[in-house]
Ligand SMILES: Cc1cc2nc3c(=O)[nH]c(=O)nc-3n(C[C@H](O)[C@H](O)[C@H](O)COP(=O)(O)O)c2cc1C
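Given next, in C-alpha cells, is a single chain: the form predicted alone.
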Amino acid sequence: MRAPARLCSLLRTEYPLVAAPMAGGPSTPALAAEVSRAGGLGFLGCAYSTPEQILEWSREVRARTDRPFGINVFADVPDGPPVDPGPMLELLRPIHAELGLPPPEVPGMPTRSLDAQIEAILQSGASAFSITFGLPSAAQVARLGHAGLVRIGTANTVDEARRVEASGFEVVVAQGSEAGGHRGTFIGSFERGLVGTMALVPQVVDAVKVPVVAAGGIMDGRGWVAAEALGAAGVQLGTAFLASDECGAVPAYKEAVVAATDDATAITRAFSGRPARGLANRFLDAAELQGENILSYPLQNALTRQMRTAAARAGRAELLSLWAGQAARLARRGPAAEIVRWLVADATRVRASLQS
C-alpha cells in the first residue's frame, strides 16, 4: 500500500490532508468540521482549553459532521528561569492605557492538567490525538491507544521523530522551520531545530517506519506534490486556512495574512515566552528589544493575554500574535471545504503536469 493510501486508511479520511491545530482563536469547531466533511482531517487546537471546553467544542463538531476529527494539546513544559517582570510590565503599561485596560500586573502561574485534558479527549468522540512541545507519559499514550485514537506526534528533527515513534505514536508530523505558530522543539535548542521542510522530511522518512506528514510552507498543490516526492504520506496545513470563512482569526488578522510578504515573519518569544513564527508587528519588534527580559512560557503568554484580547476586539493587528508561516501570502479566502477541494484539484493538476 502506498504511503498516502496507508495514511488515509489509518486516519479514515478521503485525502491525506490534515488541517493544522491552531490554538488561541483560529481553530474553531466549524473549521475542523468543514475540513473533515470535505475529506481531510479537521483538528481542534485545544492547548489552552479546559476539559469542559474540549467537550463543548467536540459536541459542536459532532453536530456538524460524523466524519473523523482530531484534537491537539501541548505537552507539559518545564518551568523556565525566573525573570524580573519589571521591564515587561513597563513595556505593556502604555499599551494597556491605549487600549483602555488597567495597568498590567504580574500573572500567577497558569494551571493546566494534561491528564484532565486527555481524559476529556477520551470522552470527546475524536478519532485522533496530537501533541506538540513533547510527549505524554507512557501511561497516557497507552490509554489513548486502548481507546482507539490515532496518536500523532510533532517533530522538528530526526531525533525527535525517532523519539515520537519509540513512544508509541502512529504518525509523525515533520514540522519544517517555515511553519507558522509555535516551534515544537523538545530535544535541544529550537535554533538547532530550525530545519527546513525540504531538508527535514526525507531524513525523517528514512529514519522512522510510521507515516510521515509534512508541515511547513505547504500552501497549494505544488507544495503537496513536492512533499509526496520527498516521501511524505500526507501534508498538514495551517496558514492555508487562516483566511478561511470558518477560521476564528479576527478580520484584522486575516487581512494581515493575505497581505503578507515572503519576508514578513519572524520567530519570537514576545507573545507567549516560547519561540513561535508570526508576522512581525509593533509589539513583536518592541518586545524583542527586551531580549532576556521576556518572561518564560507560560507566564509571558498570561501577561500579554489582556492586550491580545483587547486588540482583537479593537482590530489592532499591530498588537496581536499573528502566527503565520513563511508562505502566508498564498493563503486563499473562502469556505474551508472549498479550499480543501481546490487543494485536491491543484495537487491533481500538478501531478498530471509532471507526467506530461
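Keep in mind that what you see is a predicted model, and the values were worked out from it rather than measured. Note that residue numbering follows the sequence shown and begins at 1.
Beyond the structure shown, there is the form predicted together with the named molecule, which is absent from this document and is the topic of what follows.
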> From the list S124, Q140, N72, N281, which entry has a heavy atom within 4.5 Å of the named molecule in the predicted bound form?
Replying inline: N72
> Pick from V61, L295, L41, A324: which has a non-hydrogen atom within 4.5 Å of the named molecule in the predicted bound form?
Replying inline: A324
> Which among 99-107, 261-269, 75-83, 173-181 is in contact with the named molecule in the predicted bound form, heavy atoms within 4.5 angstroms?
Replying inline: 173-181
> Taking heavy atoms only, is G234 within 4.5 angstroms of the named molecule in the predicted bound form?
Replying inline: no
> Is S244 one of the residues lying within 4.5 Å of the named molecule in the predicted bound form, judged by heavy atom distances?
Replying inline: no
> Any of the heavy atoms of P16 lying within 4.5 Å of the named molecule in the predicted bound form?
Replying inline: no
> At the 4.5 Å heavy atom threshold, is P136 in contact with the named molecule in the predicted bound form?
Replying inline: no
>> Heavy atom within 4.5 Å of the named molecule in the predicted bound form: which residues of 9-29 meet that condition, in order?
In response: A20, P21, M22, A23, P26
